[in-house]
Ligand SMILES: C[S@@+](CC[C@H](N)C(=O)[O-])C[C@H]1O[C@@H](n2cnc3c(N)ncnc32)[C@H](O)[C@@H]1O
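Shown here is one chain on its own, the form predicted on its own, set out as structure tokens.
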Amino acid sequence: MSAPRFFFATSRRARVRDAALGPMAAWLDADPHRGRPLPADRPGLVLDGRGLCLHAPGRKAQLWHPGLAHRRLQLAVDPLVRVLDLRPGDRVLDGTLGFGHDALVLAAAGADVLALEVFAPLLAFTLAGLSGYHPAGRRIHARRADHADFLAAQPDGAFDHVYLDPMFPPAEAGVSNTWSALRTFALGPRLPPAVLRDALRVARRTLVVKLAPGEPPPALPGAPGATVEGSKRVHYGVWRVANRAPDAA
């Protein structure tokens, strides 16, 4: 599947000069769209008086929302934090930022998070929401990058932990509008073996992959088998790596 091309538009309530639309869209790597109606066949961002709204085909427009991260921040120990055996100051690579809910929980638990997102408009949408929602959101470092390319370029043991949420199988009935919108941007195979090998090489202590309900951990020939950990509702494939020193190169 080819990457969707985003549009960018503004409303009158945003009070943006028409001449600024093009440069703003170019910064977002999106196509400027003037007037109405908005495109119905592709995703986009609309800047209005409330902030950035995400538009996805067939879905209601939405502002960024913390989803279950709101509840997870209230927990004594979140399941993902427990699975990682997270220590304050640990460096975590979140290779699949999406709406940033996991990155927010990890940052709030004291991790130094570098989050990757391949779509510039989605990256801008999520960072705007994170920074305005919780102080920990401002401590998430983000970069526009494809996680496969980024991992391949990293030295061994570059991060304490690597976390990957490889998106979902086809949407189940009754899922929230928030996650249905995010599925619109899912591309390609879930996690090719080459990506997993690089992720395991880059992780100094732990590689964690979020699993769909009932899904076994991905097979990784030549590597120790993964355990399934988490909670009753959320499962992770976990590879524990013997502590390795970061590559001096």
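Keep in mind that what you see is a predicted model, and the values were worked out from it rather than measured. For every residue, the number given is its place in the sequence shown, counted from 1.
There is another form of this protein, the form predicted in complex with this ligand, and it is not shown here; the text below is about that form.
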Exercise. Is the gap between Gln154 and this ligand in the model of the complex 4.5 Å or less for some heavy atom pair?
Worked result: no
Problem set entry | in the model of the complex, His101 touching this ligand (heavy atom, 4.5 Å) | yes
Exercise. Is the gap between Phe119 and this ligand in the model of the complex 4.5 Å or less for some heavy atom pair?
Worked result: yes
Exercise. Taking heavy atoms only, is Thr96 within 4.5 angstroms of this ligand in the model of the complex?
Worked result: yes
For this session: Tell me the stretch among 111-119, 133-141, 85-93, 154-162 that has any heavy atom within 4.5 angstroms of this ligand in the model of the complex.
Result: 111-119
Exercise. Looking at Leu73, Ala145, Ala128, Val81, which is the one with a non-hydrogen atom within 4.5 Å of this ligand in the model of the complex?
Worked result: Ala145
